[in-house]
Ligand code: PXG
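Here's a solo chain for you in structure tokens, the form predicted alone.
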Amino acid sequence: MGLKIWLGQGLVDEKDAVISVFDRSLLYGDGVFEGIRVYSGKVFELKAHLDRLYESASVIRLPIGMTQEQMSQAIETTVKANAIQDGYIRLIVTRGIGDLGLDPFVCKNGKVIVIADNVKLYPEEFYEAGMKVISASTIRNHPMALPPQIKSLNYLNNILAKIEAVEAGHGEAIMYNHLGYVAEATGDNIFIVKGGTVQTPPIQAGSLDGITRRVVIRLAKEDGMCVVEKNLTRFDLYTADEMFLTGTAAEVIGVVEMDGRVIGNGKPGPITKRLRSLFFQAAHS
């Protein structure tokens, strides 16, 4: 039995969940999206995700046509229709049907799509033993070209870096900005631990303002850890005591090797494990 997909104004069968070839999401990657987790039947950090979605849409002049309350109801309806207890939601807003030109204002009706399904980003052994990453040669988009706070449907920048990681036989690649500072991984935010201090690049360095990133920072501070947002270099990552990534699908996952260099003692460190545990408790509470 196929999934039930929210498309436009209501649920349709998976086989009927289709969009026009003239939809701007297909022609130009013109739209925004969110990835949201479901834990024990409850949508995690829904308001934070919707706030970010609506902010992103506002910046690119994309009218959504639904209030946050209506959007929230559409999401809950889709989750229940698919009986999702522990899974993943992909929320997409496209600018809708246009023509072959660039002018976005010819589009009159945006399209809302909600997919609720199961997802698993990394193998379980990665969480136990840690993962290996590389430095990407593909840099993050210049912030004056595309603000990193916008979670847009045009993900080609990240995909090119992901190709580098896959071809190198690793799970992730670390991306740098135009100044050479660490920005983020292809789909996750990055943290390091040095001398007991948890450090992460500021949003201004070119990273997405990740919802899981926010939760982990809050949990670390509540647990008495010192958290600092600062520009990081490749040297800082190579010499870190611990490194871990955070993301909606990835949650909290340790990094044990980068560019062939062992991080710390080559195993997920105690702070990484502690934050992973705290996040699990928060997600399932």
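Predicted, not measured: the structure shown is a model, and the values here were computed from it. Residue numbers here begin at 1 and follow the sequence given.
Not on display, but discussed next: the form predicted together with the ligand.
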Look up in the predicted complex whether N189 has a non-hydrogen atom within 4.5 angstroms of the ligand, and give yes or no. yes
Contact of L160 with the ligand in the predicted complex (heavy atom, 4.5 Å): no
is_contact(T212, the ligand) in the predicted complex, heavy atom dist at most 4.5 Å: yes
Should F126 be counted as a contact of the ligand in the predicted complex, where contact means heavy atoms within 4.5 Å? no
Taking the partner as it appears in the predicted complex, which of 70-78, 149-157, 129-137, 192-200 has residues with heavy atoms within 4.5 Å of the ligand? 149-157
Since exactly one of L208, V112, A205, I84 fits, which has a heavy atom within 4.5 Å of the ligand in the predicted complex? L208
Every residue in F33, E184 and A249 with a non-hydrogen atom within 4.5 Å of the ligand in the predicted complex? yes
So which bits of 257-285 sit within 4.5 Å of the ligand in the predicted complex, heavy atoms only? none
